[in-house]
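Okay, here we've got a single chain as structure tokens, the form predicted alone, with questions on binding and movement later.
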Amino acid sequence: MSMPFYVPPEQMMKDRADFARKGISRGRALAALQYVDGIVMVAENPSTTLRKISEIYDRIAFAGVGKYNEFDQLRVAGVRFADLKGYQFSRADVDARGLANQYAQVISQAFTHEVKPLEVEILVAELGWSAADDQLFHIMYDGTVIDERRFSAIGGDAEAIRSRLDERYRPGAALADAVKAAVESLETGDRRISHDELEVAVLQRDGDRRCFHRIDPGSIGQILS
């Protein structure tokens, strides 16, 4: 009877992390920023039917990069978790922190125990009653949760995008300025992103219970012009 090959745990985790990072880097990046009336999320997405940004609950949005079918399954699971918790307890009990922890457990379990880790990074954003209460949770491919402030970037070349956002971001910016800063940060070198290759959505502090709104391509074009 042959003995199975021994692989050190450190090497196994490194191989899984490299595999997940390569899959994520093949996708298009995404940025989220606070602006004067809420949070805006801007994704490079040439598809007109597949969405990278979606509503999860009244004041909570989800964004994902990487393998579409994997992060869309996470989105659906998040919607079900939020609906069930809101029904069993109270709508006020559904928050981004709880969702981020649930996502972290699922992603960490896959990274540690499954043959193939999930090739995804996700962002859970919650609109607070004031800018100080806004929350941005970045969940990485290994289940690590990062609580971010002001802005966040996920996907390929995220570190460089964060660096450019740090230069361009202005607290209390208008929506148009925030979108322009996000697009300029997503662009690399001489490559420019057309307005019809963008997906933009906001969590807007407008007094309504449901705060998630999509911005149509025509309006995006007007903002960028």
Partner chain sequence: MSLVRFGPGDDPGPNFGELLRRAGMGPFAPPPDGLLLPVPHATTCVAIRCSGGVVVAGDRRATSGNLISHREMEKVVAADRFSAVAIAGAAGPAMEMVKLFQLQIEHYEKIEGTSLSLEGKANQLSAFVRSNLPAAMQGLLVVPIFAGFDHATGAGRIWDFDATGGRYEERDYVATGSGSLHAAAAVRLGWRSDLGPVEAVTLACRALWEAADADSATGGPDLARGIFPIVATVDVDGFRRLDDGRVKSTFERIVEEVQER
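Numbering follows the first chain given and starts at 1. Quantities reported herein were computed from a predicted structural model and do not represent experimental measurements.
The form predicted together with the partner chain is left out here; the points below concern that form.
> So in the model of the complex, does any heavy atom of V145 sit within 4.5 Å of the partner chain?
Heavy-atom contact with the partner chain at 4.5 Å: absent for V145.
> Is V106 close enough to touch the partner chain in the model of the complex, meaning at least one heavy atom pair within 4.5 Å?
Yes, contact at 4.5 Å.
> Hey, in the model of the complex, does D83 get a heavy atom within 4.5 angstroms of the partner chain?
D83: contacts the partner chain in the model of the complex.
> Is A96 close enough to the partner chain in the model of the complex to count, meaning some heavy atom within 4.5 Å?
Contact check for A96: no, nothing within 4.5 Å of the partner chain in the model of the complex.
> Can you pick out, from A181, A29, I56, V40, the residue that has a heavy atom within 4.5 Å of the partner chain in the model of the complex?
Filtering the options by heavy-atom distance leaves I56.
> Looking in the model of the complex, is the partner chain within 4.5 angstroms of a heavy atom from every one of R16, K22 and F111?
Contact check failed for every one of R16, K22 and F111.
> For the chain seen here without its partner, which of 183-191, 158-166, 30-38, 57-65 has a heavy atom within 4.5 Å of the partner chain in the model of the complex?
It is 57-65 that comes within 4.5 Å of the partner.
> For the heavy atom contacts within 4.5 Å of the partner chain in the model of the complex, list the residues of 202-225 involved, in sequence order.
Contacting residues: R209, R210.
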